[in-house]
Each structure stands twice: as C-alpha cells, then as structure tokens.
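Single chain ahead, by itself, as structure tokens, in the form predicted alone.
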Amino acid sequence: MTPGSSHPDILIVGGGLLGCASAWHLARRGLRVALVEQSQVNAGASGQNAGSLHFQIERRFLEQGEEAASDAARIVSLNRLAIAEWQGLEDMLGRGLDIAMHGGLMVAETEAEMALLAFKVARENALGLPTRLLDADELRARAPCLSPHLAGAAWLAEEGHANPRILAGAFAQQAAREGAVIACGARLTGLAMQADGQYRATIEGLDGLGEVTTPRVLLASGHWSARLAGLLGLNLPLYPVPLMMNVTERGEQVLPFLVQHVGQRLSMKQSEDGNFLIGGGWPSRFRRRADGLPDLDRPGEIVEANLLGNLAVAARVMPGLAARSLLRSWTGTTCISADQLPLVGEVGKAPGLFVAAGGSLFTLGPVLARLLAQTIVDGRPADELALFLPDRFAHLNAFAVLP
C-alpha cells in the first residue's frame, strides 16, 4: 500500500471486473479508494471466461421450470440497462475493448425446445427486451453455417462478445488515473468491525503485514467472497463452480453471432482472429487438498467426458466445427448464489459492508459496478438493484454477532 491508503473511504477486495469497475466509478465520485488483489488484476474468473454478452434469459433458469423462469425474467430489466452500458463503454473508457454486438441466437433442435423458446420470448418481450422467434427457414437464412436440422432460434440483435483479457485492466488503469490505489500481491487475512463501526482490515503482502481502517468494505472476490465474509462471522450463500472453456484453430469468418442452446449447455462465438470459443457451463473438477477437501485456490482439472460432450453439442449445432482442430482447453472458477442471481449491495447485518459476486458478472459487471457505486455514494440502494440485494438471505445471519 502507499502513504495515505491506510484510511481510505472504501477498501475493495478483488481486482476482477467488478472490483476494478467499482473502483473507477467510486474514485470518479470523489471517494478515496484502495483496492487489494492477492494476485494480479483480472487473474480470476473475470479473465478466464469466454467473454459472452448474453442478454436473453439463460438456459440455466429455463431448465428449472416455468415458475423459476418467470422469476428469473425479472433480470431482463437489468439486461436492458447492461446493453446500453456495453454500447457506450469504449467511449466511456476512451479505448477499444474488442466489443462486438452483432446479435445472438438461442437455438432449438426440437418442437418442445421451440415451445420453451416461445415461452421465453413472450416474457422477454413483455419486459421490453426485443427478442424475436425465428423458424427454421429464417434461421438458415440468417446463419447458413449452422445445422439445417435446427428447428429455429430466438434472436436478439444486441448480443455479442467482448475481450475478457483486457476489460478489467482498462477499468483499473482509469481508476488509478482518478486517484485509486491498486495494490496487487496483497491478501486480506483479517477483517473485523470495531466498536465505532469502522472496519479494521489486515493486509498481508508488499510491505509485510499492514492494517487498513475504513468505514466501508466491498468484497468483490468471486468465490473467495464467502470465505472473506466468514472473517466477520457472516454467511454469504455463494458456491464455487469450476468450469471449462475451449478454443479452436483459426478459420474463415462464418459466424458473426453469439450462439447459445435452449436445451443444452452451449455458448459459442467466433473471434475477430477466426478462432471459435466454445463453452456454456460444462464443469471441470476441483483438485483436492491433502485433507480431501476441494482446493479452491488452484485451477480445476479438465473432465474428458464433459469436454467431449461440449464439443459434440457444438458440432451438432454447427457441423463445420467437426473439421477444426482444438487448440486449447482451460478451466476457471466462478460462483453462483443460492438462487443463481447475483448478490450486489450492502449486507444489512454489517453496515458499510458491501458485496458484488454471483452469476453473469461479465455480462452484467459494468452496469452493476456503476449502480453499486451509486448505492455506496448515495447511501441507499439503487432501485435497479432491488432484486439482487444480499438481504434476501438475511435469515442466514440472524445469529451473527457484530459490534
């Protein structure tokens, strides 16, 4: 840490997209910001994902039944804000971010899946998201590289992808220009609330062991956030999920769209360099510590059956992929909440403690960071965050004791 950063207005823990974007917005609003990251900026899930910008209701919500899907549809209002955020992000940060928003297709292979798409599109349209159902002929006309056996798709013109390797760093750079202190190689090892309501944080790394006193703390550390909240005796229902992604050799540009599948785990797009990025939520496997528990600090292991399953779905949707070579597969660990919606906002049991973690945080990260910064500065939750506030799980901390 640097001189003057031991008493910031807010300490942010985590140098991923949410942490760095929040640091920039808060520094722009005049707060003294200190951000600590145990590794390097963008070393976690923010930099390991495939960079999809998926604003349609995701398959993981649809597979839980109509009632759950209807509840999840409430996220569409935030997705609409996220679209506008991404469309203006390069101008806002003053640099290119490899953002391509040429449209997205959620495909179906059967009539039953088409019925599910129709259900989804109706709820999205009712909430102002202009998705459109395409029949088989319309889909073939729009994306002739996809299988002629597909039954149809849902189309959204604003979907696409961005470069996850540079986004968090761009926010970090701008945050530092606004005066934020960003310390990499600095690990939070202790956190306590004092009698006056201030937080005392113990930071290990850089200059050895140091302490930071601050009225506000933001945990934006992905699956580590639950562990860090545990330092205060608090429970956050965040669960680590190890996933894997794949990339093929380069080829002719044939797929300008993001492709998802309504009934299978699939996310696929072609980069500007011609490589195909293939994922969609297929799990990897945690390595084990000596005591047999999952090792959350090391990358997961590829599960061969899941790798083959992911590639098989992709090749079924786009037969031409079968002729391409797989260059690389890698793993990364994200986290989901108990209801699969993000946790974003203040923890009521611990005034001044904020969290930003959970699913879809690449797609929603920029807009959530802005709304969270607004919440912190204004002292009240932004209306758009009502669905994501941590206190929907307040019962988990009913017995927590803080000063």
Partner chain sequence: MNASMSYDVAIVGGGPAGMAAAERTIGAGLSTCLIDEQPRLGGQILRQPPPGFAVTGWQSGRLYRAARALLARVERLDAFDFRAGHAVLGVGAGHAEEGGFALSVQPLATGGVERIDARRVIVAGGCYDMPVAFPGWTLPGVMSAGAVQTLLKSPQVLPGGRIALFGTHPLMIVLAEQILAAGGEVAGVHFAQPRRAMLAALGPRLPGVLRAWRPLLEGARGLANLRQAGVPVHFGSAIVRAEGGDALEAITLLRAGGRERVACDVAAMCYGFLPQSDLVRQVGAAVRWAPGPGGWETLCDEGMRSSLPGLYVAGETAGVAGSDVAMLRGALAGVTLACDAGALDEVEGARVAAALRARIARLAPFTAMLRELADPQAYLPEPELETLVCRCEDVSARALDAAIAACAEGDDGFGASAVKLRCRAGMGLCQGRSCEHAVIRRIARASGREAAQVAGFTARFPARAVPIAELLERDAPAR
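Residue numbers count along the first chain shown, from 1. This is a predicted model, so every value here is computed, not measured.
This protein has a second form, the form predicted together with the partner chain, left out of what is shown; the following refers to that one.
- Glu304 is the sole member of Glu252, Asp196, Asp91, Glu304 with a non-hydrogen atom lying within 4.5 angstroms of the partner chain in the model of the complex.
- The partner is absent here; in the model of the complex, the one residue of Leu209, Ala126, Leu327, Ala84 having a heavy atom within 4.5 Å of the partner chain is Leu327.
- Not one of Gln38, Asn79 and Ile203 places a heavy atom within 4.5 Å of the partner chain in the model of the complex.
- Using a 4.5 angstroms threshold between heavy atoms, Thr213 stays clear of the partner chain in the model of the complex.
- Using a 4.5 angstroms threshold between heavy atoms, Leu321 counts as touching the partner chain in the model of the complex.
- The partner chain in the model of the complex is approached by Asp273, whose closest heavy atom lies within 4.5 angstroms of it.
- Taking the partner from the other structure, the partner chain in the model of the complex has no heavy atom within 4.5 Å of any heavy atom of Val107.
- Residues within 4.5 angstroms of the partner chain in the model of the complex, judged by any non-hydrogen atom, belong to 327 to 335 and to none of the other stretches in 327 to 335, 258 to 266, 109 to 117, 145 to 153.
- Annotation for 164 to 180: interface residues with the partner chain in the model of the complex are Arg165, Gln173 [heavy atom within 4.5 Å].
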